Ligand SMILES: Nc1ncnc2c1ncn2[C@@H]1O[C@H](COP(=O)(O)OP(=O)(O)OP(=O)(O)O)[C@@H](O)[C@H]1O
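Taking the form predicted on its own, here's one chain by itself in structure tokens.
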């Protein structure tokens, strides 16, 4: 860390320089305010230690000039003419701290350690904010014709409060599109609430959606606000609407039509102002034909349909997506490891798991690039058919446990082979504790030699 001492007393300059250089600081010195400011402009040190009384330009003027040039610079004022008023004035102007001559080296070093800790915390916070912005940015990545049309559609319908049905295979980014609709709408400053029908047990879904009153059922010890009410004035995104229970579909239809509902155990209607965006991973019309989805609800949802193209239909977006995921996972420095052969393999693969599968592959590349290169074979992109490999003959197994054990052993063997039998690296690749992996290897792969 660069440090500038501005002090007219030669002995003090020499003494402080020796102490601070031993502590690892890169020290420069000046004997008056004019020379000090000139050095500051050329060196831009992170810390300045300046006497308050200096020839040519005084310490308070030095303080103000430096902070006008670089507000993040930390300045420590030292003087033999201490007064409470002067100390308060310097701190108000932006000095980090104030020392009175004579002072011990330990006191100065303590202040400098505080500066270092503060700067470290500020740098960490800046990094975390940058990381959070990347994670929250959630922009739709791509420049293909299909994505350009999708973005145009979003821009056209965002301010329309009609219900929207987003159709797309698993992993295509349906929630991303829903968030983009919300961000581009007049409701952008209100809540965006997500409900995943597939992740909520049917027995709890009604209470989670509608909320419940205290005492509505056993265990209802207090009032619970449901998703509908939480999304008031904003957008409610119902993911996997194709998994919505048939028994509750008429209730959902009423909420969408009337914009009101009664909480479980309640007696009064609750009115809401919500924009509904729903998503399905399968053909919802087919579910209607199979009598698994109400036809009237389907037509209420399908007012404005949006179809998200699968990744296999927009492979020209793969380089942009790969670049985005490397940056998202803080591995920008490893993008240079991607070869023409790797990009060719990514383009040739049909991506049955869509963008989500591509992100998983990028994570694998990052995890396995510890040797300074990415081995194409570890990407496991040999099967180009959508829908994946042929279904295994489950009749070959005597029990469910036998099948699971075989598949687990295959995955362990793949991970260990990918990591040259290094248990630590393989555990990171599989995202499990090293001790857990070691135990599984002893049980499932006792022949394997590990290190």
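Numbering follows the first chain given and starts at 1. Just so it is clear, the model here is predicted, and its values are computed rather than measured.
Quick note: we don't show the form predicted together with the ligand, though the next part is all about it.
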Check your understanding: Among 229, 97, 243, 169, which has any heavy atom within 4.5 Å of the ligand in the predicted bound form?
Key -> 169
**Study point:** Interface residue in the predicted bound form among 187, 281, 212, 300, criterion: non-hydrogen atom within 4.5 angstroms of the ligand
**Key:** 281
Review point. Any idea which of 103-111, 323-331, 254-262, 120-128 reaches within 4.5 Å of the ligand in the predicted bound form, heavy atoms considered?
Key: 323-331
Review point. Would residue 306 show up as a contact with the ligand in the predicted bound form if we use heavy atoms at 4.5 Å?
Key: no
**Study point:** Heavy atom of residue 74 within 4.5 Å of the ligand in the predicted bound form
**Key:** no
Exercise for review: Please check if residue 139 has a heavy atom lying within 4.5 Å of any heavy atom of the ligand in the predicted bound form.
Suggested key: yes
Check your understanding: Would residue 234 count as touching the ligand in the predicted bound form under a 4.5 Å heavy atom rule?
Key -> no
**Study point:** Residues within 4.5 Å of the ligand in the predicted bound form, restricted to 251-270 and counted by heavy atom
**Key:** none
